[in-house]
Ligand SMILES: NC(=O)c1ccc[n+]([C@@H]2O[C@H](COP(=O)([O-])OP(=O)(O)OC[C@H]3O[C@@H](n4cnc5c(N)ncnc54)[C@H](O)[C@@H]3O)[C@@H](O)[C@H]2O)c1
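Just the one chain here, laid out as C-alpha cells, in the form predicted alone.
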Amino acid sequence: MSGPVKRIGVGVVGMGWMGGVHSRSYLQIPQRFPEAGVQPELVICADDVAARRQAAESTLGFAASSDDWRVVVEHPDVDAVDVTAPNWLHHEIATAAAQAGKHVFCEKPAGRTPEETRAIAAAADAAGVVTGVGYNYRWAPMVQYARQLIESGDLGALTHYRGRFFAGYARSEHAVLSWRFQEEHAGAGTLGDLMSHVIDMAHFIAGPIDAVVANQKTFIAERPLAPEVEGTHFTERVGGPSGAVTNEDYVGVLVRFASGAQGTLEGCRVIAAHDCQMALETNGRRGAASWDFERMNELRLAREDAAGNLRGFQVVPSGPDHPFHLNFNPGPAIGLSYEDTLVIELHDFVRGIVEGKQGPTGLGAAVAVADVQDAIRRSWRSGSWESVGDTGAAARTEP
C-alpha cells in the first residue's frame, strides 16, 4: 500500500519466552514488509515477574510496563492487545480487550475450552475488532506453496491427509508439573497445546472436518511440583513432592473431511526422539506433498509429468518464488526460522488492522479448531464417531 505510515500501538500481556518472540516480531514488520505501511510501536507490557518487565523495557524497548494486565487494556495509546499469558487468563484478558475496543491477538488455544474460545470470539465480533490467533506454522513459505498447488489443482482432488505434532518436551518423568499439565489452568493437554496446530493445518490444507473418532492417553500420571517462583514445562526437578497430571499426553484421531478425503491427526508431548515434528502429508489424485517443520524450508513434492507419470518425491527448497521468502532472503535455499513465521503472521494481523479487514487466522479459525476439539472430546467419552457440525466450514478461508 502507498501513503503515510500507520502507527499501531501494541500492548503485550505475558512476557515469558513467547511474549518476547511476539515483541521482536512486531519490530521486524516495517523492515520485512515495508509495503504494508505500518509501524508497530511497543507501548506497554504486563507481567507478574519484575525481571521480565525490566528486560522488556531495557532490551525490547517497551515504553512502560506493569504487573497488572488491566493497565495494558486501558492504556489510551494501545490499539492492539497481544495475549501470550498462560491459558487460564486468555478468556478474561482477550474479552476485556475486545470490549475496550482493542484489536486482539491471542496465542492458541484461545480458550481453555471450546466454550471459552467461542465466548472470546463472540466478544470480538460484537466489538467489531480485528483478531489474530497464533497458528504460525501455516505461514511457513513452503506450507503456503503447498496450499497454492492444491488450490490450483496441481495435485488433483485430495484423497488422504496425515497431520501430526510430536514434541517430546515432557518425555522426562522429572519434567515439573507446570500449568500445562493441569486441566484447571491449561484446559486440555496435548489436544490444546499441540493439536491446535495440527487441526488448523488440516483445515488450511485439506478443508473442513466433518467427523472424528479419537482416543487419548496420559503416560506419566505424576510429576514433581514446579518451583514456587518460576518454572516452565522444560524445567526438571528430581525428588521432592509430586502432583497428579490432569490432562492428556497423547491424542490420536481418525478424520473424515467434508471433501471426502480421509485422514489421521496425532499429537504427543512425551514421545522420544522427536523434538518439534509438526508435519503434514497429503495425497491427491495427481500428486502429493509432505512438509516437516524440523526441515521447514523444504517441501517434498510429487507431481505428474506431461505424460501423466508419477515417479515419486523431489525435495523443493524454499526460494524467492515461494510466498514470503523474498521478504527475508533474496536467494533460494537460504532458510527462514521459526521467528520469521511469527513475523509473517503478525504482519497479517496488523495489516488487517490498517485495512479494516479480518485475516484468515482470526478467532473464527480458532472457533473452527475448537469445534473439532469439542468433537474429539465427545469421542473420548463415547468411543464412537462424532460429528463436528456445520461450524467447521468456517475454517476454509482464503490466505
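One rule holds for the numbers: they count along the sequence shown, beginning at 1. Only a predicted model underlies this, so the values are computations on that prediction, with no experimental measurement involved.
FYI, the form predicted together with this ligand isn't displayed, but the following is about it.
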Partner-proximal stretch of 266 to 274, 308 to 316, 104 to 112, 206 to 214 relative to this ligand in the model of the complex, 4.5 angstroms, heavy atom = 104 to 112
The listed residue (Tyr26, Trp69, Phe62, Phe349) that reaches within 4.5 Å of this ligand in the model of the complex by any heavy atom is Trp69
Select from the listed residues Arg223, His90, Arg164, His325 the one whose heavy atoms reach within 4.5 Å of this ligand in the model of the complex.
-> His90
Examine Thr190 and determine whether its closest non-hydrogen atom to this ligand in the model of the complex is within 4.5 angstroms.
-> no
Distance check, Ala333 to this ligand in the model of the complex, heavy atom within 4.5 Å = no
In the model of the complex, Ala85 touching this ligand (heavy atom, 4.5 Å) = yes
In the model of the complex, does Phe181 have a heavy atom within 4.5 Å of this ligand?
-> no
Check each residue of 134 to 158 against this ligand in the model of the complex and list those with a heavy atom within 4.5 Å, in sequence order.
-> Gly134, Asn136, Tyr137
